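So this first bit is one chain, no partners, the form predicted on its own, shown in structure tokens.
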Amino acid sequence: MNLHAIRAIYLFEMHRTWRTIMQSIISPVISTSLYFVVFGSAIGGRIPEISGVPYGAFIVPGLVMLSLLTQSISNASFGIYFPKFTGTIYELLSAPVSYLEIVIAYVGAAASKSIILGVIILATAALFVPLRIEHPFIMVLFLVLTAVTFSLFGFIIGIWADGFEKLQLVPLMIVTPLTFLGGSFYSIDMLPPFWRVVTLFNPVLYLVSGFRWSFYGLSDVHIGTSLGMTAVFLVVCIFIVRWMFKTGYRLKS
């Protein structure tokens, strides 16, 4: 294992975050804070509590998960796409660095950025609403597992994309709508039976539900199911990345 190579790529990606701190950190935190103000105040006035939890506090896990998913995908996809765009990917592929080391470095940096952002958003949320974390270990597990999984997913998108517009296509057109419709701002028990069943096919529901359980002990689906679904998606992403490097899909042409 070439730890020097992993460290070099990882630090390069992390330094890029500090060079673009306004876009990478400050902008997502401000956007999420606006959600707290709008949803917590406007809607929270009409829905004071859900299962005994104040509405403003109830939506915190969903908002953190929304930022975590979008930023993980964005960081990882741009991180690997930019070397493709500039042509430096060929130097990386010809260097004495294995595919595994490349993935660890890029995905590790993207996941680290997302986790830092998630912690900052949690700290910001504590300024607006009363928070409690009943299961801190499960909370950290979900935070890390989700960041790594969707950083891998973003890595896949970065390799697949052949233009900057495609980098935004999946996060904006698929991931964000699924997050809004995955119980981020409501419990699926509030939905009619038909739509409750439809929502169970939304994979983001299991992430939001499991993450919320770690805070308040409330969930729309069993915590074991949430962890299992996340693990399955992680394994699928690992196999896709392995196939891409093995075949050179959009990397060597």
Partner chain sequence: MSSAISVSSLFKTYGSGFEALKNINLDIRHGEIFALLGPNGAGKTTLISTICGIVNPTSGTILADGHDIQKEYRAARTKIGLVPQELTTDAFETVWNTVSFSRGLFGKPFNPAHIEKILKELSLWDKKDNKIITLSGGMKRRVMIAKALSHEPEILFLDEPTAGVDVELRRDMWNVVRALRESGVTIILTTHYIEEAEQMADRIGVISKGEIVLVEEKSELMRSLGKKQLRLQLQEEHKSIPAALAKYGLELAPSGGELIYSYDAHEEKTGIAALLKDLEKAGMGFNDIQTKQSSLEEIFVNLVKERT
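Everything numeric in this text was worked out from a predicted model, so none of it was measured. Positions refer to the first chain, counted from 1.
If you look for the form predicted together with the partner chain, you will not find it shown, but the lines that follow are about it.
Participant: Kindly confirm or deny that 9, 12 and 98 each have some heavy atom within 4.5 angstroms of the partner chain in the predicted complex.
Facilitator: Yes.
Participant: Counting non-hydrogen atoms within 4.5 angstroms of the partner chain in the predicted complex, say which of 130, 136, 87, 163 makes the cut.
Facilitator: Of the listed residues, the single hit is 87.
Participant: Determine which one of 154 to 162, 87 to 95, 169 to 177, 121 to 129 lies within 4.5 Å of the partner chain in the predicted complex, judging by heavy atom distances; exactly one does.
Facilitator: Selected stretch: 87 to 95.
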